[in-house]
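Only one chain comes next, encoded as structure tokens, the form predicted on its own.
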């Protein structure tokens, strides 16, 4: 069978009119002789409303019941899609994760798909049916409903593509594809036609919201090509694929930026073996993600200044944990909420010398001071004053020819 997996995000199914448009897209693939597996998110805003209801009920809502509650959003959208397809004369059923079943492992609210039972869906496809499967959910070994975390419908589509050996996995969303940067920051951002798993993973991890990082990782591990395109236009989207399928002369593929980072500096920390571990252990235990880290040792080697970044929403908790930490001693705690992280990403920098210099010089020419630096093989990130964010993104787009 020539199977295609079509995943529709919340904005794509956000209204009855949009659901009608989605069914027309599905029918288009049926007419091209594909066997179509549909994966749907909840209607836009629905999951947030369910979360609000859980908070009104309890400040300590049971994680297992939380997953049962949140899974109902996808149930509604799937039933509406299947109902519309039936109305138009096509055979379609909605399927919840437990009905297939889709087995997961891990914790509630952040499970991962381990196995998908294929027999029932394959039989339905062979009979000419169009299964509309709820994304974002499955069941665990105790037959309890589990969810995959925000953005989990992408992971559902990717794993269904793996288990059913789909020819294509297409993620329909409200944008035309992956952009060189967030269009809200830079209106001149361009669509990227093709991008590697590694580049997309870095962009997703650094703030690009088109797909969640763990979904990209699933696609990379299973070598599933992904098309990202808009359900509102009929334009070509972005292909996410392996490196060897890409041939272009771009050193840098995209630029990401953040607006919700804060910088913390511990001044005059008594330096000794294990001091960094003592600082970061309580943060790790409280699930606070630490990003950029810089350490400066004093001339006498007895003290160090340690700087790192976190998400601003974790600032109050982090500050409290640091001040209560009896295992470390420091002279002063400095907090700066007026910072943004700007990153350039591209596999081309592996073989292109001078990228770091070009980035730093371009920012210097515009009077933009760099506060913190972190790098990987295909990424360079800098922390700058938030007021310079748009200017930095524009400058780097121009420097690396992303407008062309």
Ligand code: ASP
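Numbering follows the first chain given and starts at 1. This structure is a prediction, so every number in the text was calculated from the model and none was measured.
If you look for the form predicted in complex with this ligand, you will not find it shown, but the lines that follow are about it.
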Next on the checklist: Give me the residue from 161, 104, 153, 92 that has a heavy atom within 4.5 Å of this ligand in the model of the complex.
Outcome noted: 153
Item to check | Position in contact with this ligand when the complex is considered in the model of the complex, options 42, 359, 345, 36, heavy atoms within 4.5 Å | outcome: 42
Next on the checklist: Quick one: 261, 308 and 338 and this ligand in the model of the complex, is every residue within 4.5 Å by at least one heavy atom?
Outcome noted: no
Checklist outcome for this item: Exactly one listed stretch (270-278, 107-115, 313-321, 143-151) reaches within 4.5 angstroms of this ligand in the model of the complex by non-hydrogen atoms, and it is 143-151
Checklist outcome for this item: Those residues of 117-140 with a non-hydrogen atom no more than 4.5 Å from this ligand in the model of the complex are 136
